[in-house]
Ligand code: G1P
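To begin, one chain is listed below as structure tokens, in the form predicted alone.
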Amino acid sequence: MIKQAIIPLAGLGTRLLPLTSVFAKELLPINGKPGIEYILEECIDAGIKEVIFIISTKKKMIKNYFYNDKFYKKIIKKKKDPRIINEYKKILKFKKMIKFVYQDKPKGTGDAVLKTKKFIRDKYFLMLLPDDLIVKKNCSKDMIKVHNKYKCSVMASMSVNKKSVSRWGIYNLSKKFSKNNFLIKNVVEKPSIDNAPSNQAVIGRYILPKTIFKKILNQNPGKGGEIHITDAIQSLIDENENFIAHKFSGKYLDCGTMDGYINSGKVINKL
């Protein structure tokens, strides 16, 4: 069973400037609730018991959000507002399941994953990228079901516009396991339009094997001088380890751009 999840949160969020010049993008409200809480709720509903946040010292406000007990106790003692009491209880519930590790230099998603190595106990773990919200259906829960059936790694998949393939990790798919699940032949990080093997993109949900840590340790920097998780995944695929692309049925919301962030609030408000 998948019981641990990791969430990389150390990015600077430059696509959401000027908001992120003073505020962590993951705490920005989406329809009245911090974006990170949607991710945590998805984890809990999927059966996750422990979540590891990868933050930087510049984003300590994320940790402070979950450790602001004195503030809440003082307010509750004074006002006894039921709404505030419920919010504090929810934050306490989240806090019990969260651990924090630090990535102070932006060396890429692979390097962020590596920071969690000493905490991962089981053979497989879940990774969620907070810019990618998937609503209406719990993508992580469905991926865990696929993992339990096929006993291998699983990654979320979605068709994207061919003009935007350079934003994503792009799959080349081979064998079809079932209606929405395909064996991945290879994955390429942010290819050019001419070099993209398809328009099937990696969306920010991954079930990864613990063996990936060894690959990252021995990995040279890739595109942009960063350590990409996709390169480590490709190394494992080259060694005949199975990775499944899961075409999820929920609605994808991109919270990492200003237009996407604004739209996400509108969409969730109508649910």
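Bear in mind that the values here come from a model prediction, so they are computed numbers and not experimental data. Numbers for residues come from their place in the sequence shown, where the first is 1.
As for the form predicted together with this ligand, it is not shown, yet the points below apply to it.
Using a 4.5 angstroms limit between non-hydrogen atoms, Lys251 is distant from this ligand in the predicted complex. This ligand in the predicted complex comes within 4.5 Å of a heavy atom belonging to Leu129.
Interface membership of Gly204, defined by any non-hydrogen atom within 4.5 Å of this ligand in the predicted complex, is confirmed. Contact between Lys145 and this ligand in the predicted complex is not found at the 4.5 Å heavy atom cutoff. Residue in contact with this ligand in the predicted complex (any heavy atom within 4.5 Å), chosen from Phe94, Tyr88, Tyr124, Trp168: Trp168. Only one segment in the set 135-143, 189-197, 173-181, 73-81 has residues whose heavy atoms sit within 4.5 Å of this ligand in the predicted complex; it is 189-197.
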